[in-house]
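Heads up, the chain below is alone and in the form predicted on its own; it's given as C-alpha cells.
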C-alpha cells in the first residue's frame, strides 16, 4: 500500500463527520428515560439526545441498554455515546471521556411516612437501604453508611421503588429529582417522603451528569460540548427542562 493511500485512509477515519450518532440510553429511569407501552422511549435524557443530534445535524439512533453494562457496551462500539444521567466522576473518567455537564441535581434519602427514621449512622443502624447498582449513590452509601445499614442493590431504580412499596426496604437513596417525579409524586409513592440533607459531594457524585464517549472520539467530544452550549443559548434546553420540571435542573 502506498504512503498516499495509507494517509488518505487515516485521514478519512480521523475526520469522521458524525452524520449518524448512536446514543446509548437506559429507558428505566423516569422522568429522565422510560419506555411507553408501545415501546417508545421518552424522558428528559431522550429529548436532550434528540436535541443534541439535531444541533449537530446528525441522525440519532437510540439504543436501550441495561445500566450495569452501559459503559462496556460503549467501549465495545455498540453505540457512540451515552446520554443516560451518568455522573461525571473521576473513576469513570479512567474509562471514558465526558462532555461538560448538562444537568446537576443532588442525591437524597426517602423514608416511609411515619417511620421516624433519622439520617445518621445511629438512626439508620440495621435499616435496609435500596439503591441502583453501580451508581454514585451505591458508592456513597457503601462508603459512608455501609457499616451501619444493609444495602440492597437493584438493576433499575424502578425495581427499588417496587420493593419500597412492598415494604422490603426502609430507605431509598437516589437522585432527588428522579425520585420526586418518578416515585414520590406518583400514587405508588404517596406513602413515602424525603428525609435528611441534599448530598452533592463531588468525591461521590462528580460534577453533574455528562455525555460519555470513547476517549479516542475527540471530534465527537467537541461536537457534543458545542451542541450543549448551543441548546442552552437558543432556548431548546429550557423548553425541554420546563416540559419535565418546575425548576432549572442545570444547577450552579
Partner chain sequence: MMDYEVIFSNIPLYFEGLWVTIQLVLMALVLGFFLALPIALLATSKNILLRVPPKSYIYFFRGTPLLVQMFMIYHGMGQFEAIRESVIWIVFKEAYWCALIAFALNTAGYTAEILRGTIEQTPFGEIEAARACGMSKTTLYRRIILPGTFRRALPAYGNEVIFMLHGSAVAGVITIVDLFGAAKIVNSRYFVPFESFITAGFFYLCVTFIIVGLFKKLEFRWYAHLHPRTI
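Residue numbers count along the first chain shown, from 1. Given the structure is predicted, the values throughout are model-derived calculations rather than measurements.
One more form of this protein should be noted, the form predicted in complex with its partner chain, which is absent from this view; the next part is about it.
Undergrad: Quick check on this chain: which one of 217, 193, 55, 68 has a heavy atom within 4.5 Å of its partner chain in the predicted bound form?
TA: It is 68 that has a heavy atom within 4.5 Å of the partner.
Undergrad: Just to confirm, with a 4.5 Å cut-off on non-hydrogen atoms, which of 103, 140, 79, 154 contacts its partner chain in the predicted bound form?
TA: Selected option: 154.
Undergrad: Taking heavy atoms only, is residue 147 within 4.5 angstroms of its partner chain in the predicted bound form?
TA: Heavy-atom contact with its partner chain at 4.5 Å: absent for residue 147.
Undergrad: Can you tell me whether residue 133 touches its partner chain? I mean in the predicted bound form, with a 4.5 angstroms heavy atom cut-off.
TA: Yes, contact at 4.5 Å.
Undergrad: Taking its partner chain as it sits in the predicted bound form, is residue 127 near enough to touch it, meaning that at least one heavy atom pair lies within 4.5 angstroms?
TA: So residue 127 does not count as contacting its partner chain.
Undergrad: Spell out, yes or no, whether the shortest heavy atom distance between residue 118 and its partner chain in the predicted bound form is within 4.5 Å.
TA: No.
Undergrad: Using a 4.5 Å cut-off on heavy atoms, which residues of 157-175 contact its partner chain in the predicted bound form?
TA: In sequence order, 159, 162, 163, 165, 166, 167, 168 come within 4.5 Å of the partner.
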